[in-house]
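Take a look at this single chain in C-alpha cells; it is the form predicted alone.
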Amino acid sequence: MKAFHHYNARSIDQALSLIKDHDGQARFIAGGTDLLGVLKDDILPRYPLAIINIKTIPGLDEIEEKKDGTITIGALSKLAHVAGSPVIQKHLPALVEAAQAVATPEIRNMGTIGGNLCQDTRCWYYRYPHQMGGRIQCFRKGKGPCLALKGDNRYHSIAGGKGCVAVCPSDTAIALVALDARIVIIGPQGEREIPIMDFYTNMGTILKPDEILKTIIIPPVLAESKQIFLKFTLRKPIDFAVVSVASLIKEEDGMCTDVRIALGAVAPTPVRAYSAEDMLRGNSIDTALAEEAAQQAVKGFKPLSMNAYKIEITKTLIKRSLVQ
C-alpha cells in the first residue's frame, strides 16, 4: 500500500470538512474490509492522499425501534451487531439471515452494514491487482469495453447491464429491498432520503465521494408476515452470492395479500420480481404456483455465454423462498 494521511473524524461536519479540504483525493473508511483491498490492489483511478475514519463519529451505530414500529439502523452498525440485535431478530429475520450470510465471523465483526451496501463490485477484471502484470482497463474504470462480455462471465449478470455486467455484491441490500427500506445520505448539501432501490445504478451506487450513508430506515413490518433470505454459493463461508433471493409474504386466511421478492447477484442492481409478485397476490401459495411465479420472474433475462445456469438457480431459490 502507498502512504496516506489518516484522520479520525469526531463528527459528520468534521468528516465532510476533511474530505472537502482534500479536493477529491480522500476516501471515507468504516470497517475497511472492502476499501483496504481496493487500496492494496490499486484499482482506483487516483490513489487517495487521505483516509478519513468515520467509525469515531458517535451515534452512527445505533439500532432503534420507534413507537410506530419503524426500525432505524445506523450505517456504522457492525454486521455481527445487526445479526445479533434483539430488535432485528424479532422483526426482520430476513435481514438477520442476510447479515449472517456475509463472509466470515471476522469480517462480520469488523464490517458495517453501510459498508456492505456501498462495497465495490467483485468483478475479477475490475479487481485485477495492478501489481500482477499491470492495470487492466475496463468500462467501469472509464476506458475500454466490458471485458466480461466476451470473457469469463460465469458469475456476471443474467438480467441486463449497460456497459458493465458486474453484479451487485451486497447481501444485506437484497434483504432490505424486500423489506422496502429507505436510506438517509448526508453530504455538503444536507440530508436526503431515498428508497434503497434508487441507491443502485448500473455502475455502482449514487453515493458521491463527499457523501456518507448515515441511516437505514425500515417501515413497520406486520408480525404475521413471513420473511426469508436464501443465498447460493459454491462454498458456504466466505463466498459472494452466485444468486440470492429475499422474500416477504403477508397472508390473510391462507391468501397472499402482499409479497415482495428481491433478487441478488443477477444484475448490476438488486432486482424486484414484480411480475412474479403480481401472480401471487390474491392467491394461496402452493408448490405449483411457486413454480409458476419462479418461471415468471426470470422471463426476459438474457444470460451471457457462460452463466445460463444461474437462471435455474434463481428459479429454484424463488420457489424455495415461497414454499418454505
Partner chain sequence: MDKKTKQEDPQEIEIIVNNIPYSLTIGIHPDQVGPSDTLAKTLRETLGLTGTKVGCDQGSCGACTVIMDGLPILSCLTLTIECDGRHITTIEGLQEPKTGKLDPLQQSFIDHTAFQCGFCTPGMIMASRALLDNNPSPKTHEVKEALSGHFCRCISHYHVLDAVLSASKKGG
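Just so you know, these numbers come straight off a predicted model, no measurement behind them. Residue numbers count along the first chain shown, from 1.
The same protein has a further form, the form predicted together with its partner chain, not shown here; the description that follows concerns it.
By the 4.5 Å heavy atom rule, the three marked residues 4, 18 and 109 all count as contacting its partner chain in the model of the complex. Site annotation in the model of the complex: the residue of 256, 29, 57, 63 reaching within 4.5 Å of its partner chain with a heavy atom is 29. Just one of 201, 89, 137, 104 comes within 4.5 Å of its partner chain in the model of the complex, counting any heavy atom, and that one is 104. Residue heavy atoms within 4.5 Å of its partner chain in the model of the complex occur in exactly one stretch of 260 to 268, 283 to 291, 29 to 37, 63 to 71, and that stretch is 29 to 37. Taking the partner from elsewhere, residue 163 is found to have every heavy atom lying beyond 4.5 Å of its partner chain in the model of the complex.
Using a 4.5 angstroms limit between non-hydrogen atoms, residue 53 touches its partner chain in the model of the complex.
In the model of the complex, at least one heavy atom of residue 8 sits within 4.5 Å of a heavy atom of its partner chain. Interface residue remark: residue 237 is counted as part of the site for its partner chain in the model of the complex, having a heavy atom within 4.5 Å.
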